[in-house]
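What follows is one chain in structure tokens, specifically the form predicted on its own.
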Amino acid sequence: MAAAAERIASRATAGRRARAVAPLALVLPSFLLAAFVVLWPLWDLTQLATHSVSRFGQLRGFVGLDTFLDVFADADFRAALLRTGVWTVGVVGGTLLVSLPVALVLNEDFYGRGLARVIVMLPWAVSLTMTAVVWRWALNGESGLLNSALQAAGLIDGNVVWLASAATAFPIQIVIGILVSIPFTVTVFLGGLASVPDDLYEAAALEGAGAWQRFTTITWPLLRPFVTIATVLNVIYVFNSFPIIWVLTQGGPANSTDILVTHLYKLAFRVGRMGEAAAVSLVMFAILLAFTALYVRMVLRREA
């Protein structure tokens, strides 16, 4: 009798262990694949950044951190790093400010709401490179649509070469970055607004709460996690964004609109300094990793 009880207890323990291990076994292949996809390029970049590298990517002698010191001593890198911060904050901040009211309007029930949502989301279906090419044509200093429209409106007397100076080119690139980021951000916000129960609004209305009070006490607190998600994803995406800057100005004139991703592209494929390009890539990875770690810490602290 005791032996039978022990067998039953043993089987129950084995079953609990199997149930505990099963999820890990299911996740393990994806985890290993993700680790390979991330770690192998990191190892390769580290090899390039810590060795003397020929123009064709062949490793020579070990140089330690000398390449990183050269990168940080480069004035073009420091300027691109600062400009990347301005670019990321400008595009992400502008996108959030524009997307929130757009999402609030699209969340209301009105005639033609479906069509309005399609129009707002439509740019998302267009390639980012194609969008940048269209804007480059529109900003052409001789025959661009923008010059023609402004002259027709009487706002300018002659053609303006918008992309010939960083003073005009970089703000325009930020505006274009905001425009192309709005559809994704509005989608995230609409998902958050759809999760807010209507009962809360009805109860608040019965208690006499106005539109602003309903927004500050119901909508914003429940929407805040989605704002955080949109912020993090947009920061990662915009920080690494390449097509808009490259298609419009290729970082010019005189590298004055370069951000880190275009700067490293030039290092690698224009001047053949593969080691420095790898070092810049690792610096970019470290910045985004620190940002992500900070975000995870904030989320865990909030949930604690």
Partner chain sequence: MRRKLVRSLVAWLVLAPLIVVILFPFAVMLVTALKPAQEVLSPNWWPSEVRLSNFVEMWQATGFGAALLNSVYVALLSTFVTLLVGIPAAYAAARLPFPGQGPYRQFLLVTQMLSPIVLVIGLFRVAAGFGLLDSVSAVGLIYAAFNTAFAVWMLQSYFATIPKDLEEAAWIEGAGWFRALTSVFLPLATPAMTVTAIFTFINAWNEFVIALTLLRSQGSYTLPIQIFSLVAGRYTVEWHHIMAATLLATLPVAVVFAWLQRYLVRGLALGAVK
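Positions refer to the first chain, counted from 1. Since the model is a prediction, treat every value here as computed from it, not as a measurement. For clarity, a rigid core is taken as the largest C-alpha set superposing within 1.5 Å between two forms.
Separately, the form predicted in complex with the partner chain exists; it is not shown, and the next lines address it.
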item	value
Partner-facing stretch of 197 to 205, 76 to 84, 160 to 168, 128 to 136, counted where any non-hydrogen atom is within 4.5 angstroms of the partner chain in the predicted complex	128 to 136
Proximity to the partner chain in the predicted complex, single hit among L155, L97, A211, I119 (heavy atom within 4.5 Å)	I119
Interface membership of V63, the partner chain in the predicted complex, 4.5 Å heavy atom rule	no
T216, heavy atom within 4.5 angstroms of the partner chain in the predicted complex	no
Distance check, F68 to the partner chain in the predicted complex, heavy atom within 4.5 Å	no
Interface membership of T187, the partner chain in the predicted complex, 4.5 Å heavy atom rule	yes
Heavy atom contacts to the partner chain in the predicted complex at 4.5 Å, residues of 22 to 40 in sequence order	P23, L24, L26, V27, P29, S30, F31, L33, A34, A35, F36, V37, V38, L39, W40
After fitting the core, L155 CA displacement of 2 Å or more between this form and the one not shown	yes
